[in-house]
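First, one chain by itself in structure tokens, the form predicted alone.
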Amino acid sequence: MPVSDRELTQMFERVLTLSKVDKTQSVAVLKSDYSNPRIVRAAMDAAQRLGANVYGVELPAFNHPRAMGMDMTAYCGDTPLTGNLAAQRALEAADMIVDTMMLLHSPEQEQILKTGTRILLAVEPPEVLARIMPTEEDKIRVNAAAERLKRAHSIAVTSKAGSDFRATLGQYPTVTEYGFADEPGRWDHWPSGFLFSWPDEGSAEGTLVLDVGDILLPFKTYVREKVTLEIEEGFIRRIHGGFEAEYLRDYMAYFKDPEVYGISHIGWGLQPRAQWTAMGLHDKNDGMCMDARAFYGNFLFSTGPNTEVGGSRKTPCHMDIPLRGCDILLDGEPVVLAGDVVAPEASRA
């Protein structure tokens, strides 16, 4: 159902309050030609209602010659902020940035965060923002799971479809997304509700099977036939199946970069208000489809870059692939069984 401008502003006011925006804070709203003007306006109005000093930073749209499609995650690394040091300094001067154009996976975002500035990404349709309004309870659940993931030395994922994947952990940090940016230097995404880390370099091994109903992002398509990925020493080495396997092989080969096949972040969804079915009710250009990334009990794995946590893989091709019905074990102890969160208890909805 449509969300009114008044309701959207009230929603932003609640989320900015969770993000500790008040009259002592400065808030920059980052936008470009493709930003949703309703979201930009609501973010600015809400920050002003909270007494913050608000200003806008508008950048011209940027399209890399090798980018395909309109999805904001389909080409990573270069953004409208790339090379614009003056605009970057203006953003670094804020206590918090509401990002309506997407800086994710860019070196500029990491540089901004290191200054202590917080960033909240908000690019989904207002109706999705309304359904998955973040709460303090979301933070508690995600942080409870994060404490377990931080202690883990290994992860194993299996499924009835045939997945049998394993990796060691500890080289890279655990990252949480619960929908608001309430700490200095924190990046978050409204809506969200999941967590992840990265395998130790070269440790990911085994098979991941994409079953019917699983999701391929940024294609924003449901898998209609099984696709099997064979993983060795941290990289996808072979992709088997029918048409969808061929499509995936050709898409990844287009970038002519062996690093696109690297296994990137891995984790699981904890957001009960996110629905794996929601993608089918939206046009492909509506947003990033955060429902797919965050729905409760998924196993979310990705491919490509890992520079945001100090890794060396800087590649433009990034895919997020949420699987349903998996068992996820940390150090041999289950946290998800058959797509249902079972531990820690405080992470369950």
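Residue numbers here begin at 1 and follow the sequence given. Just so we're clear, the structure is a prediction, and the values are computed from it rather than from any experiment.
One more form of this protein, predicted together with a small molecule, exists but is not displayed; see below.
Proximity to the small molecule in the predicted bound form, taken as heavy atoms within 4.5 Å, picks out 314 to 322 from the listed stretches 314 to 322, 62 to 70, 24 to 32, 40 to 48.
The shortest heavy atom separation between H105 and the small molecule in the predicted bound form is within 4.5 Å. Among residues of the shown chain, A292 is not one whose heavy atoms approach the small molecule to within 4.5 Å in the predicted bound form. Using a 4.5 angstroms limit between non-hydrogen atoms, W276 is distant from the small molecule in the predicted bound form.
None of the heavy atoms of V57 is located within 4.5 Å of the small molecule in the predicted bound form.
With the partner omitted here, the residue from Y75, F165, W187, Y261 that has a non-hydrogen atom within 4.5 angstroms of the small molecule in the predicted bound form is W187.
Listed residues K220, H265, R118, R141 were compared with the small molecule in the predicted bound form; H265 is the one with a heavy atom within 4.5 Å.
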